[in-house]
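In the form predicted alone, a lone chain appears below as structure tokens.
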Amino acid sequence: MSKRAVDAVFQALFLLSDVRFLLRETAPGHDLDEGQKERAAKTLEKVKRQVAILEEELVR
């Protein structure tokens, strides 16, 4: 596994921890306000980029 792939795994995990924290902030109903929704969307886009890197490095 390349260093780039390893870095992508860790970065994705850190980003998912941010999403987890957001869900903890909004528990139990997880009703996100507009700012939280925007933050979640931006974070999930970053996660997708890291997954794309993993696909490039490991699958293709």
Partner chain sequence: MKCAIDIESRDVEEMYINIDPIQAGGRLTVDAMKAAIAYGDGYSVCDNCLSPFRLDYIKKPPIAQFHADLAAWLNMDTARVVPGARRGFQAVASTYVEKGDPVIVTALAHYTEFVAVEEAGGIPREIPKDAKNHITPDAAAEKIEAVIREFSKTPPLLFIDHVDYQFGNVHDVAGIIKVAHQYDIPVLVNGAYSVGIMPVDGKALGADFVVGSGHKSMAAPAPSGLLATTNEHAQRVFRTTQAKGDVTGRTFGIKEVEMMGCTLMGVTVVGMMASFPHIQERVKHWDTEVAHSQTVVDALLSIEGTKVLSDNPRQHTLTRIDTRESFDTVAQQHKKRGYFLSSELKKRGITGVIPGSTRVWKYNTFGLTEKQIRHVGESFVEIARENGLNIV
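As the structure is a computational prediction, the values presented were derived from the model and not from experiment. Numbering follows the first chain given and starts at 1.
In what follows, reference is made to the form predicted together with its partner chain, a form of this protein that is not presented.
The shortest heavy atom separation between Leu23 and its partner chain in the predicted complex is within 4.5 Å. Among heavy atoms of Glu34, none comes within 4.5 Å of its partner chain in the predicted complex.
None of the heavy atoms of Ala41 is located within 4.5 Å of its partner chain in the predicted complex. For Ala52, no non-hydrogen atom is located within 4.5 Å of its partner chain in the predicted complex, even though that partner is not displayed. Within 4.5 angstroms of its partner chain in the predicted complex, the stretch 1-20 places a non-hydrogen atom from each of Phe10, Leu13, Phe14, Ser17, Asp18, Arg20, taken in sequence order.
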